[in-house]
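Heads up, the chain below is alone and in the form predicted alone; it's given as structure tokens.
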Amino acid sequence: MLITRGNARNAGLYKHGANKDMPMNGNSDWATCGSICQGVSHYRDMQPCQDRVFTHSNDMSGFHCVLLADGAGSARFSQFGAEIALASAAVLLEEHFDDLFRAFPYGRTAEKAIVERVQSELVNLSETGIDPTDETRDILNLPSREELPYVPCELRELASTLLAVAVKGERYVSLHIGDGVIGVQKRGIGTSGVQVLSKPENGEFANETYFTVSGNASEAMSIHRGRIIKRHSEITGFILMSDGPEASLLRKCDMRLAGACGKLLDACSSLPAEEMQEQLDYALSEVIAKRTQDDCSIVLMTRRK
């Protein structure tokens, strides 16, 4: 059995970060849905899921964003770093959206500011220490809370990737550090379907990637920006995934996303939130996760029908 969103809460292994409104309420023009699933290897070794997803919405300003982070498998506390990275990046995206949308050099300046702020939050966490649940302490063989309330850690132990898409009005911006994929769904003349917006960014070797704690994270960050509606096409959704689902959903030889991505986005735009959540949880744990050893995570944002 894999630890999914449904049963991981009872196992003490799933923590959703600071997000309190997943799935998003029904007042927005955009619907979101996200799920994480513990990988086979982590379940076998009794290790927690290190992927995290996050959403943030401000209907007053028309700002909405979805974010995903894949904690580095070699970093012992990367799930905690992933949570901090997502929560802080969501706030920063809202603060700096207009700067990020502007043409170079303003966008690159804002990118650097976001990375530096995220890294600062991670440094603060490493200096303060983390507070794992009692069950996580047992699994990771850590001192009890009575013995050591906050467990010290090094910055490198908080490493994760960072993927984000933010929409404000009829504009969008995406940020991407490391592997994983961001896809965009379009409808229009000659552009219908789901295409890769931002591809995985690896290091010198195939099994390397960039992380939030990397010294060159801001230079390695990919950014895309554009309009939701153009003359002959319209963006109707975004899908973010960690490298776990890539085995099922991305054909790497030509960077084409599977048709299932479009089906998930179409369902997210039309189904009630609870029903969509059940469908995504099932697809991730019972179909996608069984084709990889890695943790899996997906988060969707679509125009409501």
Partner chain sequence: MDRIIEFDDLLDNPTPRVPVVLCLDCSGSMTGAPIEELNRGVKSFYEEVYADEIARYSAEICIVTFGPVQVETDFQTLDVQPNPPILRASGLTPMGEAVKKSLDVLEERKKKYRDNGVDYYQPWLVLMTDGYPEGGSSQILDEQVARVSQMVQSRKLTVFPIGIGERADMATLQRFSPNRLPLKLQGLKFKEFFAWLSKSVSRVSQSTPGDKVTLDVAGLSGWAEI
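Numbering follows the first chain given and starts at 1. All of these numbers come straight from a predicted model, not from anything done at the bench.
There is also a form predicted together with its partner chain; it is not shown, and the following applies to it.
For the three marked residues, Cys253, Ala260 and Ile288, a heavy atom of each sits within 4.5 Å of its partner chain in the predicted bound form. Residues of just one listed stretch (121-129, 214-222, 72-80, 141-149) have heavy atoms within 4.5 Å of its partner chain in the predicted bound form: 72-80. Of the heavy atoms in Glu170, none are within 4.5 Å of its partner chain in the predicted bound form.
At the 4.5 Å threshold, heavy atoms of Ser174 stay clear of its partner chain in the predicted bound form, well away from it. The closest non-hydrogen atom of Glu116 lies beyond 4.5 Å of its partner chain in the predicted bound form. Proximity of Thr136 to its partner chain in the predicted bound form: non-hydrogen atoms within 4.5 Å are absent; the residue sits far from the partner. Along 274-288, a non-hydrogen atom within 4.5 Å of its partner chain in the predicted bound form is carried by Met276, Glu278, Gln279, Tyr282, Ala283, Glu286, Val287, Ile288, in order along the sequence.
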